[in-house]
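Form predicted on its own, single chain, as structure tokens, below.
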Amino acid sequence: MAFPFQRQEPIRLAVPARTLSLEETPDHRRLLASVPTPSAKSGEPGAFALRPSEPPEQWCGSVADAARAVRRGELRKAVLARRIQMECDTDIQPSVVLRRLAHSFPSAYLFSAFGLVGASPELLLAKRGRRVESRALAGTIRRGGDAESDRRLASWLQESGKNQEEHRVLREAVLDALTSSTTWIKANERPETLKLANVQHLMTRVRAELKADHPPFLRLAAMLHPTPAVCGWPRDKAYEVIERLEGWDRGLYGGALGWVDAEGNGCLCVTIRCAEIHGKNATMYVGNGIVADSDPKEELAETRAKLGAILPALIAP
């Protein structure tokens, strides 16, 4: 099942055709799915071309516009996305892309559904019985070329006022959405650093126990969706800014995707680090949180770093 980015659009549902197994680990549960083995030559483009849907200069102008709106006090944060179009000389095989992502991002939430393929590090909501968990990500820096530079970049991220503010907005929104439905809720006071293959993020883990008369899983998820990590805050104002500055339909990008069962349990990740695949064409999506101190050139560089998650999986030989 999937939530589109726009809340008024209907949820998409699909009944799985393959058997799924659930693997339990001490701190979380991962959903494993069988993926068909591709032929040896499938999904390996001999040639490809990349083209941003909007010129980088235009996107940087939108970043500056959003930052001014934040400084005027119209909102606390807006998330602006970029689209990168890719055209290959052969059909792109989603199963091949998914296997490559699984190899590069083994701890991510992997998905391939409704034409969207990706590896998301962000958990919107997972529920098992009355226990729920969310993992909020906001604030990003690239990985370093060695251990020392990686450590310096992580330290800069933890001390960055801009990134801390971006993360604080998200943390507060998640806690506010869940607190009234819980008997207890816990979240680390200071964000930890989540290191991925291409970038590092600020992350807050939220765990809680629901009240006996708690809302159903999908209603709880809808209370969180879309989070300030992919939309902004306040949500309604962020939607207005996104519509004015982007002017295109995000579809499932920035939404949520996962599973729900008949017992009211489920797991939904946030659909980021992903691409929509149609035959020989793919559209890659990346987005950044914009706050008062956001610098357009730095934000553009960050989107290029985030592309390092999905692009190699599409073109690797």
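In case it trips you up, residue 1 is the first one in the sequence shown, and so on. Bear in mind the structure is a predicted one, so any value in this text is a computation, not a measurement.
Although it is not shown, the form predicted together with a small molecule is what the next lines describe.
- In the predicted complex, no residue of the candidate spot (109, 134 and 207) has a heavy atom lying within 4.5 Å of the small molecule.
- Contact with the small molecule in the predicted complex, judged by any heavy atom within 4.5 Å, is made by just one of 117, 173, 138, 125: 138.
- Scanning 230, 101, 92, 242 against the small molecule in the predicted complex with a 4.5 Å heavy atom cut-off leaves one residue, 230.
- In the predicted complex, residue 252 stays away from the small molecule, with no heavy atom inside 4.5 Å.
- Taking the partner from the other structure, the small molecule in the predicted complex has no heavy atom within 4.5 Å of any heavy atom of residue 238.
- At a distance threshold of 4.5 angstroms between non-hydrogen atoms, residue 258 is out of contact with the small molecule in the predicted complex.
- For residue 272, a non-hydrogen atom is located within 4.5 Å of the small molecule in the predicted complex, even though that partner is not displayed.
- The stretch among 261 to 269, 64 to 72, 282 to 290, 47 to 55 whose residues place heavy atoms within 4.5 Å of the small molecule in the predicted complex is 282 to 290.
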